[in-house]
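What follows is a single chain, given as structure tokens, in the form predicted on its own.
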Amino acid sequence: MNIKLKNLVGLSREQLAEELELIDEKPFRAKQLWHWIYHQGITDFDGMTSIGKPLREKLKAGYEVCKPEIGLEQTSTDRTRKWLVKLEDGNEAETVYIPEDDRGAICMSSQVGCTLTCTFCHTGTQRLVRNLTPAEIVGQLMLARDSYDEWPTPTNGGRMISNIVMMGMGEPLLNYENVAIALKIIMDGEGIALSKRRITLSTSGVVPLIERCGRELGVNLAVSLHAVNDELRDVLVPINKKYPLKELMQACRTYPGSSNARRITFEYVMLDGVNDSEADARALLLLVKGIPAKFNLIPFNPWPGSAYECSNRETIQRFSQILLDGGYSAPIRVPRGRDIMAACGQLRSESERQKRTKTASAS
């Protein structure tokens, strides 16, 4: 009979110390394990050479250091890289590396599927399967660092993976507890050691948890806005029916730690003839008045069956200029990874399709 090993990835420092106490080891050993797992990236207990052999044997008997598997790795012509991440229960999530000249960001998922049904987003067409665990969230970054050979943690500032954006599949604030554990692990200075200033969490507007996120995590906030009035936002981002713009804007105004040096990013997908008029741009300026803000204008990325088209270049540039003239930064995002369906709004795992295929074969 095989004994189910407990995964140490995804445990907080306190939880790791508790596990060591259960096998009659001093809690300070947790610091050593933490270093090997999150600074060195070692998954084999025998490779943790500063830990005595008796403890290593105890650990091998009951524990493992396990990351999700890579089902498929694709690299775009623009160097964007996407991983289809295979989870232990057969589900999948997607993770994307978005490169810049000498660095880049990992776009990480928080759920398998999504419950928000935003009409312009491919992920929104897939039903919510479940929340990701802390281990599965941290594991996405760990396997990305494996792919770019970034262990041990670079200490000279020269890491390729310099930022994290919680903007992949799912709504992070609807899986807040697990996301918070994972991000605290990632920010810990004795491991992966990524500063909170290099982490951005994107929400569609789960108002009750926005303040808690700022207070407990202190990460940068991005808001998927996409409309300037409730009537349109109810259609594009249906969670707006529960937390309308007035409540969302108030939560942004009081977000802990926001300032002109740490502005809230408002993401705005450009949909032809839907939300891209000059009047919309001016209304947007009024909507965010008093909030330390910047904009990220996102050309709509098409996906099979989508009902929208992208605004033309001239329209987007005119929209951006109105925001710039109003005193706000409003860059137009350069689409990345379109050829591998890795661009913003295109992520959608193949889990459901595979399950449907298996069901059809069995019947």
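For every residue, the number given is its place in the sequence shown, counted from 1. Predicted model only: the values in this text are computed from it and were never measured.
Just so you know, the form predicted together with a small molecule exists too; it's not on screen, but the next bit is about it.
- Although the partner is absent from the chain shown here, 203, 269 and 298 each have a heavy atom within 4.5 Å of the small molecule in the predicted bound form.
- Comment: the small molecule is not present in this chain, but in the predicted bound form one of 255, 83, 176, 120 has a heavy atom within 4.5 Å of it, namely 120.
- Note on contacts: among 168, 99, 191, 214, the single residue with a heavy atom within 4.5 Å of the small molecule in the predicted bound form is 168.
- None of the heavy atoms of residue 240 is located within 4.5 Å of the small molecule in the predicted bound form.
- Among heavy atoms of residue 34, none comes within 4.5 Å of the small molecule in the predicted bound form.
- Interface membership of residue 328, defined by any non-hydrogen atom within 4.5 Å of the small molecule in the predicted bound form, is ruled out.
- Remark: residue 38 does not count among the residues lining the small molecule in the predicted bound form, judged by a heavy atom distance of 4.5 Å or less.
- Note that among 298-306, 23-31, 61-69, 318-326, the stretch whose heavy atoms approach the small molecule to within 4.5 Å in the predicted bound form is 298-306.
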